[in-house]
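Quick heads-up: it's one chain on its own, the form predicted on its own, in structure tokens.
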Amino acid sequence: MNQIKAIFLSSVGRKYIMALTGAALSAFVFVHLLGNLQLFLGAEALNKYAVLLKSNFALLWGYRLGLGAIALVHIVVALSLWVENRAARPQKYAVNTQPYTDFASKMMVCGGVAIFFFVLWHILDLTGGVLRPGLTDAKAMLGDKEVTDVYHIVIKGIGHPVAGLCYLIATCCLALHLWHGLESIFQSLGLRNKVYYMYIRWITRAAVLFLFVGMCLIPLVCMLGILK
């Protein structure tokens, strides 16, 4: 117990926690995108995928609660490090010798806040159907079984101009967050060195570009009416 407390009190320990929770959340984002890209395979493929995800209630909610706990730890630790850094440097340097680092740090905080509120909105809107009653009630036949028509829920929900624009803005925030964050994960875990530095940079940036393009395509095809 004392060791866990010491980790949270240490800035180095909290950076490790940030890296590990950030890696877990990043993995979820990429897996989530791969699942959502089944939208382009048609209604049957996406609805089958949705049924598979919801087939085990205990596993689904265990996964959701676990992911929520990881996100909460990531946010709390990030805020504690940000407050600590602000307290250590209450006044800005007269000459900032690392403007990129300062900008990236600011974007991490602002982007993180934007992502947090977007996720809340997304859960209340498309997952819970609270903000737009009736949106998530669509049904479809999958074989001889009636299931939730996730395919048309996504197209109708994200196809709305305001909702689609929100998704595009959130995608930009997420991409900027990961552009700096993925490299920071390797650095915090001590996995980035002179030998692997360039490889890590190119791989992480290629991954972020893939995420950005993939996540932008979904609202764009929905808003333009390309998918019906």
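The numbering used is simple: start at 1 and walk along the sequence shown. Here the structure is a predicted model, which is why all the values come from computation and not from measurement.
Quick note: we don't show the form predicted together with protoporphyrin IX containing FE (HEM), though the next part is all about it.
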Quick one: is residue 83 in contact with protoporphyrin IX containing FE (HEM) in the model of the complex, heavy atoms, 4.5 Å cut-off?
no
Is there a heavy atom of residue 22 no more than 4.5 Å from a heavy atom of protoporphyrin IX containing FE (HEM) in the model of the complex?
yes
For residue 18, is any heavy atom within 4.5 Å of protoporphyrin IX containing FE (HEM) in the model of the complex, or not?
yes
I'd like to check something about residue 74: if you look in the model of the complex, is any of its heavy atoms closer than or equal to 4.5 Å to a heavy atom of protoporphyrin IX containing FE (HEM)?
yes
Of these, 154, 78, 138, 142, which has a heavy atom no more than 4.5 Å from protoporphyrin IX containing FE (HEM) in the model of the complex?
78
So which of 43, 176, 168, 182 reaches within 4.5 angstroms of protoporphyrin IX containing FE (HEM) in the model of the complex, heavy atom to heavy atom?
182
Would you check whether protoporphyrin IX containing FE (HEM), in the model of the complex, lies within 4.5 angstroms of a non-hydrogen atom from each of 60, 65 and 148?
no
For the interface check, one of 35-43, 156-164, 184-192, 197-205 should have non-hydrogen atoms within 4.5 Å of protoporphyrin IX containing FE (HEM) in the model of the complex; which one?
184-192
In the model of the complex: members of 25-53 within 4.5 Å of protoporphyrin IX containing FE (HEM), any heavy atom
25, 26, 29
